[in-house]
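The chain below stands alone, shown as structure tokens; this is the form predicted alone.
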Amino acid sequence: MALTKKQKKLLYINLTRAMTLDRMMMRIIRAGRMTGFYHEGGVSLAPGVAIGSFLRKDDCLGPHYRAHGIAEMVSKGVDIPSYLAEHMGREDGCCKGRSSYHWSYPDDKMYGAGANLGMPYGLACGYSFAAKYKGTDQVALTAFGDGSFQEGRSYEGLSMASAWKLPAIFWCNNNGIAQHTELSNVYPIEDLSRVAAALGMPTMIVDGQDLFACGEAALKAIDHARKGKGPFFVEAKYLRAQEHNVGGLNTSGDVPRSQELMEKWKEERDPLKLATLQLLDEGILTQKEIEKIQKDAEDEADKIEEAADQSPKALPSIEELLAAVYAPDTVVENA
């Protein structure tokens, strides 16, 4: 589906914001001010921006763990100050600083980021089944990597969604490597979308570095699911141009990955650079407008960081921690 000038501008603004916030997160974790891990987004945030920009607030979204979903969240309108505060273990975090990056935003139909590999497939089926059962036109989208697609639950989820024609969108961010395992070591095929196609699901393969191609794919998939035509599978391909998580090894098996290739990818395949050139060439934005968009994104990041810094550190009592684990006043007979 062709994008309008307005839609291209929206995508560009949201990608600028997402990449600026990702750099902010990297600065904070490197300074030792984050309580948990962070998985850098870098130049791989275009798919998440495309997803978040075109979903409605009442659509369910399970974002990819890369950059902890910040691209999807900032584009969908989720409260980023509480997202950062959560990462920093502060009381103003969405889960009062208790979860690190396993956050939850139920009011925005984003019910949590878990470390349970393969978890989203079944959840996407549940959310989309509920929408169909209630007769709404809501859709449920789950974004995942080629690593979690190796879980058996991926096949179960895709099979159920296709058999029941659920309004579910499965978005695979295929960067060719799961932590330290190359896709070619565990899969006999390059295109994971072939698995969905074998289950009778329409599919698309897009360049994950092309912001506008990702946007067109997102619109097509959402329109398909929202019209009650069943599930849709999108495979966005790109390269992970850094280590899996901050401070981890950047290896394929026990062999270091090519740093020359990483740097070349960042320089030549940066989605923001590519989108900037295209928008300038099409006359949709001027250089002055682009500079303002970048300045606004940097100002936004500064305000978010300042707000998180001012939030008190989360220091829950033992009683409070236990209250969140055990049901109160529960007596187990004959235990």
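Just so you know, these numbers come straight off a predicted model, no measurement behind them. Numbering starts at 1 and runs along the sequence shown.
Note that the form predicted together with a small molecule isn't included here; everything after this is about it.
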Inset, instruction - Check whether residue 92 has any heavy atom within 4.5 Å of a heavy atom of the small molecule in the predicted bound form, and answer yes or no. - result: no
Legend entry - the small molecule contact at residue 148 in the predicted bound form, heavy atom, 4.5 Å: yes
Legend entry - Residue contact check: residue 179 to the small molecule in the predicted bound form, 4.5 Å heavy atom: yes
Inset, instruction - Decide whether residue 244 counts as a contact residue for the small molecule in the predicted bound form under a heavy atom distance cut-off of 4.5 Å. - result: yes
Legend entry - Output flag, 66, 117 and 175 jointly within 4.5 Å of the small molecule in the predicted bound form, heavy atom basis: yes
Inset, instruction - Note which of 238, 129, 103, 212 lies within 4.5 Å of the small molecule in the predicted bound form, where distance is taken over heavy atoms; exactly one does. - result: 238
Inset, instruction - Would you point out which of 57-65, 23-31, 278-286, 302-310 contains residues with a non-hydrogen atom within 4.5 Å of the small molecule in the predicted bound form? - result: 57-65
